[in-house]
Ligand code: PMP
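Only one chain is included here, represented as C-alpha cells and corresponding to the form predicted alone.
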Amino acid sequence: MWTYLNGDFVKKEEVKISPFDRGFLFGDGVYEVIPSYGRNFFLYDDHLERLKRSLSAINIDPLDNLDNLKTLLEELYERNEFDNQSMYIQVTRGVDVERSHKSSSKLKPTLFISSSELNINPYRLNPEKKGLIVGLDTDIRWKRCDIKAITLLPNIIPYHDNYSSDLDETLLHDNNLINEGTSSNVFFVFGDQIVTPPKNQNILQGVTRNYLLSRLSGKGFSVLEKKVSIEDLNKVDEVWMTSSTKEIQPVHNIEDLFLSKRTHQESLWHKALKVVESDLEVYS
C-alpha cells in the first residue's frame, strides 16, 4: 500500500510524520474523504470545495498542489490497485519549532493522502440485509461541526465504552434535537415526507447528504430540512444514514425502537437507493 506525503509517494509502512506536526499535537487540521469507483471520483468538485472551505475556516492557506489534487489521487489509485477506493486527504497547519497554541507565522502545511479498499455498499448487494444497529448519545462536540476537522475525539468516545461494541453508528442529540451520526448524516421518513436536520443545526454538510437532497427533490420526492426531536422517533417510519463511504444505508433499530414498519420494497429508502445506483452505474 502506498501513501502520499508532502511531495512524495511513500509505502504505508515507511511513512513518517514529525511529532511536532500541529496535527499530532493539537488536532490542528482538516480532512476530506472521496470515494472512487474505478478511476472516477464521485462528486469530486463538491469534496474539493468543502476541503477548501474547511481550510479557509481555520485560516490555513490553500495548498498550491490542491489544484493538482486529482492527478495525485489518480496516481495513488493506480499504485494501490483496488477497483474501488476511499481516498483520505488530510491537511494540517504543519510542523512547528515548538509546542505553542499560537503557531509560528510561516509554516508549510502538511499534506497527507492515503487510500483503502472501498467495499460495495452491502445494501446494494442485498437490500433485504438487516439494517444498522444505532445508539443515542449526547452531542458533546464543538460548535463548528461544519468544519471537517481531524479533532474527532467526541465522535469516537461512544465506541469505546462497555456498551457500544455492537453498534454500527450513534446518533448525537443536543437539547433534545437529533443532529447527525458520529460519522454520517441522518434522514428520517414520516409517511411520504423525507426529513433531514437543517444545516444551521451544527452539522457537517455532508456531500452525500446534499447530493441526496438535490437528487431526490428533482425526482419528485417530498424532501425537507427540518428539526427532529428524540420524541419524534416514536412517529418515524424509516431512518437512513448517509456518508461518502456508506452511500445510503437503512437503520434497523435505534436502541429499543425497532423500525420494521415497511418491507424494503415498500420503503422510500429502497427507492432512494435506486436513484443512487443509477448515478453510480457510470462510475462502476
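Position 1 is the first residue in the sequence shown; the rest follow in order. The shown structure was predicted, so the numbers you read here are calculated from the model rather than taken from an experiment.
We do not show the form predicted in complex with the named molecule, though everything after this point is about it.
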{"query": "In the predicted complex, L204 touching the named molecule (heavy atom, 4.5 Å)", "finding": "yes"}
{"query": "4.5 Å heavy atom contact, N253 and the named molecule in the predicted complex", "finding": "no"}
{"query": "Distance check, R93 to the named molecule in the predicted complex, heavy atom within 4.5 Å", "finding": "no"}
{"query": "4.5 Å heavy atom contact, G131 and the named molecule in the predicted complex", "finding": "no"}
{"query": "Per-stretch contact check against the named molecule in the predicted complex, the hit in 253-261, 215-223, 235-243, 56-64 (non-hydrogen atom, 4.5 angstroms)", "finding": "235-243"}
{"query": "Three-residue site R50, N185 and T208 fully in contact with the named molecule in the predicted complex at 4.5 Å by heavy atom", "finding": "yes"}
{"query": "S103, N155, N84, N80 - the one with a heavy atom within 4.5 Å of the named molecule in the predicted complex", "finding": "N155"}
{"query": "Contact residue in the predicted complex, chosen from H173, R124, R141, K199 - any heavy atom within 4.5 Å of the named molecule", "finding": "R141"}
